[in-house]
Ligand code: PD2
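Single chain ahead, written as structure tokens, the form predicted alone.
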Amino acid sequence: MSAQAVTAELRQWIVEQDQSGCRLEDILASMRASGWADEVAVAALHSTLQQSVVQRGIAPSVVAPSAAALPEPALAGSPNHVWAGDRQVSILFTLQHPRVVVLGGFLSDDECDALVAAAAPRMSRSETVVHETGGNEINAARTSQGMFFGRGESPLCKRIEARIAALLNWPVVNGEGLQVLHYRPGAEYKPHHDYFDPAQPGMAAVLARGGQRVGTLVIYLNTPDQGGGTTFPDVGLEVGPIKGNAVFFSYDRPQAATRSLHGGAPVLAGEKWVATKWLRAGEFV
């Protein structure tokens, strides 16, 4: 399979699918179904559409940042704990592909409670990004309530953002504001990707604010009685939502091959509060 050669005809077909508005995930799935090896299909899609998006005025780094330029904890030597600037955080679990790191004790109980208290009066029905327009809308796949803090909005936000930056070796200015979400019994967020599809017409304006999303940190602000885990369907992984813990995952290109598909499983009993931090390739404005 590794001997497959990427032909001019294949590249032309990829460009045609891209220009017709097909999602990158669908183009990749079609190539796989036609017998292309995964690594060959991903490489062909990436290299071909780099040129395509440049022609549309989107920088190549936005489409697929270098794997060397991703947020990542300092885990050389397999430490059980890492220093996050002002607090020691435990390393509970790591996975290479997709890149997933489960962190213990990222926030104290008091910090979790304070973030929930600050967010609670400002909650409204959560929305999702509309790829066709770049706007937001209520989506049946996401049944939580949520709100956004401005980056650096309060001393608590600043402290958490500085801790994230130190832990993941990523600039504070490359992060979106913290989003707090509240899930009542039965609420969920069905599996999705966090990156933006640059082939969609509404994404140019979204990407212009800081480039592509390259990593996500989900922080659990309480422990539900039952359910509410963070799932990664491509690898059969579910991370339990334990108060103060967090799960980090990254994705080096906006493609399903990153295996970063994830979701918030339904809350079966009690409620769930989480804070989400999305990290961009460049400065978020």
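Residue indices: 1-based, along the sequence shown. Everything numeric in this text was worked out from a predicted model, so none of it was measured.
We do not show the form predicted in complex with the named molecule, though everything after this point is about it.
Contact annotation: the named molecule lies within 4.5 Å of heavy atoms from the stretch 177 to 185 in the predicted complex, the single such stretch among 94 to 102, 177 to 185, 76 to 84, 108 to 116. Three-residue candidate spot Val218, His262 and Lys272; every residue lies within 4.5 angstroms of the named molecule in the predicted complex by at least one non-hydrogen atom. With the partner removed from view, the residue among Arg122, His192, Arg209, Arg125 that has a non-hydrogen atom within 4.5 Å of the named molecule in the predicted complex turns out to be His192. The named molecule is not shown here, but in the predicted complex it comes within 4.5 Å of a heavy atom of Thr276.
Taking the partner from the other structure, the named molecule in the predicted complex has no heavy atom within 4.5 Å of any heavy atom of Ser250.
When the named molecule is considered in the predicted complex, Thr230 lines it closely, a heavy atom lying within 4.5 Å.
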